[in-house]
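Only one chain is shown below, in structure tokens, and it's the form predicted on its own.
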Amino acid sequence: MTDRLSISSDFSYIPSDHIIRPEQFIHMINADKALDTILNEARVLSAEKLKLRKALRRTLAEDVVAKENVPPFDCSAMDGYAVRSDDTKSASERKPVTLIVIGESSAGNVFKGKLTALQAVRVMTGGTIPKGADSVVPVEQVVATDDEKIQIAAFMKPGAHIRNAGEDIARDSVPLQTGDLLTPAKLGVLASLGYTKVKTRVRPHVKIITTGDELVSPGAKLSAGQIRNSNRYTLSGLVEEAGAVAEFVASIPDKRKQIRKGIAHSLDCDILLITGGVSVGKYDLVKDVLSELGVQAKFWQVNIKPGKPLFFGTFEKTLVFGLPGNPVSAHVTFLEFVRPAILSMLGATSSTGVMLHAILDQQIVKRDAKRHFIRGIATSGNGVLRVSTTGTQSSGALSSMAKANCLIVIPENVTSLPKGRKVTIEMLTS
């Protein structure tokens, strides 16, 4: 697995004739520095105690220490008979050992006696191993001569088919750690340890503003030059998927006064996302308005494609992102820069995506010195991970993001990759 922050230096598998030299690089902030700048500003949020049923997809704010063993007692791994291994040492097909069945132990119903020589206890999966027994004979390996006697034709080693106390989780161990994302399985672990509440990070509050004269709501009839506002829904979904709380504020036309009013009333959150208006056109007013309102700019323009006109700044404790208006550019810049900020605020153990290597199924050529994030479809067969593009890489082709299950990451100084070359891909979560 490849760490996103090391992509630009991992070219061991790329031939030298496909690499652009450093002197050819475009002079602007690179993706790694942009991400470092953002993460340096992303403070870890406070913690709150939640009941387990409300803690799904939240991030742990404390280590979980096991106060007891799981399982809490030695139990059977299958249906069978609890026996003393010493009694089976001489057992064989020709001369099976006969044992007397003196009781039963099932889940929740403990046999209270103790085995002595040539005795057995019928035991069900999850049932407590009775005192004196040290192995379990599966029911399939037993011949019952009557209700009170069984025959065993093989030696059973001590510990056979027994789950020891603490075998899953030992008392005083730390099965879950600060920063872990609480999945259904991890909630189950907490429940098995007796936890009813758990300390988690408060979810970041993310406000979303979309800008543009051309934007109308999905249900509206389109007039000439208009498009429906997809960014509102894509970004809200991405925010929630990353573990934060999304609040859509407004869709604002390209009017300075309205943009200023909308932003001024939206700086009381953990993260403010604004789409559109951050490039260099006549109606790209967002950067100027942010400056007027006291937002401290950290950078503008990142050496990537798509998503070059990304803006990042801070206002007191609020992180402010100006994302490109093109749907794919907004989506990609969220994944690469906003999502890590959210995860960092949540105290997650990792703020980077899952990076893998795959074999290209087609040639990729790029003609600039930007880091490219190409929408891809990864498939696995015969133990080999392969990847192809989704087709068009237009920054307005949102359907290509819907088709993709990964991004093919092409470093800044690589211009051409032939079919069959190993590349880095970042898996998408949905």
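Predicted model, so just to flag it, every value in this text is computed and none were measured. Residue numbers here begin at 1 and follow the sequence given.
What comes next is about the form predicted together with a small molecule, which does not appear here.
Listed stretches are 109 to 117, 96 to 104, 323 to 331, 178 to 186; the contact stretch with the small molecule in the model of the complex is 323 to 331, by a heavy atom cutoff of 4.5 Å. Residue contact with the small molecule in the model of the complex: residue 215 places a heavy atom within 4.5 Å of it.
Although the partner is absent here, residue 284 is a contact residue: one of its heavy atoms lies within 4.5 angstroms of the small molecule in the model of the complex.
By the criterion of a heavy atom within 4.5 Å, residue 227 is counted among the residues contacting the small molecule in the model of the complex.
Not displayed here, the small molecule is approached by residue 276 to within 4.5 Å at the level of heavy atoms in the model of the complex. 210 is the sole member of 210, 76, 200, 88 with a non-hydrogen atom within 4.5 Å of the small molecule in the model of the complex.
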